[in-house]
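One chain follows as structure tokens, the form predicted on its own.
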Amino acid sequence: MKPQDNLDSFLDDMELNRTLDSIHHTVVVLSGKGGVGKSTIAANLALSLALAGRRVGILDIDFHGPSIPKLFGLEGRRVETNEKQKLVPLEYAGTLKVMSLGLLLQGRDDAVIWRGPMKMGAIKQLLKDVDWGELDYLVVDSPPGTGDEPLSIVQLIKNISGAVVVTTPQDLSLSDVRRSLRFCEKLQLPVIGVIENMSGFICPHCGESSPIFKTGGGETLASEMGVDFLGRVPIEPDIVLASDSGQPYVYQYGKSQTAKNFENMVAKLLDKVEKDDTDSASIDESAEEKAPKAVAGFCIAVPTQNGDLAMHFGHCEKFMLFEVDRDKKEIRATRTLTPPPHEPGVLPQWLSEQKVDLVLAGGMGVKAQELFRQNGLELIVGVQGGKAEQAVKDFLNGNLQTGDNLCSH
């Protein structure tokens, strides 16, 4: 990879992380197979979260069959770009932010023919290039199965709150759901719970429930797999009518028993996710009390020699550490430190202890680069010489010049 490619990739990742910092919880809605009503469940869950007073967005990454625009009555609408050159998600009822590839296509019947890498790139753009603002929850409607899209979202968002898995009561669907649960297990993705959709048919005339596809299979499977069961959603003609009219069921029939089912499922979700969040915060606060004081915020380290950026990392005399405000593109604080003796593995660990996020370096050997990344530090190598402060300013303004990595050790 060329140094400029390395810089572009890092800037993309930094922009993605900046966006994700404003999204407190991400919930991915999965299903083992198609036709189980996953998108309908995702839409009504997202709106139920918004009705519960949370700031919510829904992201549709089912590129080959985007249903979310239809479910919210947004077909034919197009997103616009704001002054920050970000895509502005559409809003439903002033309470829910909606984004889907279906809102970016020229025609609603256009087909998307993409392989895996293109999907990964598109999902990354729908996260970092969309002005989501501050969200309590982002609900991600993923396509059926365990393919590129769910894998990509898990790789891009490191701290996903968990997955909600949708099934129907039939044995065929339950078998596929087991694979979804194994997928979550292998990727260390927490499972918030299982929802059983199409769980009995509610007669619109007498109100009686008939188990057309059986009932209870989802709850039994959840018990077998050791995950929570969130609840059931019956087959109800009004759900179909509401979905086809672009008015999610819980919005149009908020006083019905099924809407209350959604409300109860959301209450279980909130209890689990926000309880886990509180427990994690307590652990983090305890760890922070024990951690050494260091530069706050986003910290950039520059190795220097005679006050300038050291062109050979191994020859540096001191490190200048810059605390920066990435949004305002300004340096907030600077300090200069003398590093410990240069020995393999010492500097990466030492800089990590100083809470450094990024190192701007001239030349650095490949093995050294690997040691830095193992310690959670990002690197841009091949930075041209000059004043360290100017290099940081150029980085913040997107003008940093990089060339060849002069160190090949």
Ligand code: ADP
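All values reported here derive from a predicted model rather than from experimental measurement. The first residue of the shown sequence is 1; numbering continues from there.
Although not depicted, the form predicted in complex with the ligand is the subject of the following passage.
Between the options L360, V36, V28, L347, the residue in contact with the ligand in the predicted complex by a heavy atom within 4.5 angstroms is V36. With the partner omitted from this view, the residue of V177, I239, L321, L96 that lies near the ligand in the predicted complex is I239 [heavy atom within 4.5 Å]. Shown alone here, S243 lies within 4.5 Å of the ligand in the predicted complex, counting heavy atoms only. Mapping the unseen interface onto this chain, L74 falls outside it, with no heavy atom inside 4.5 Å of the ligand in the predicted complex.
Although the partner is absent here, M198 lies within 4.5 Å of the ligand in the predicted complex, judged by heavy atoms.
Using a 4.5 angstroms limit between non-hydrogen atoms, L90 is distant from the ligand in the predicted complex.
Residue heavy atoms within 4.5 Å of the ligand in the predicted complex occur in exactly one stretch of 351 to 359, 50 to 58, 37 to 45, 375 to 383, and that stretch is 37 to 45.
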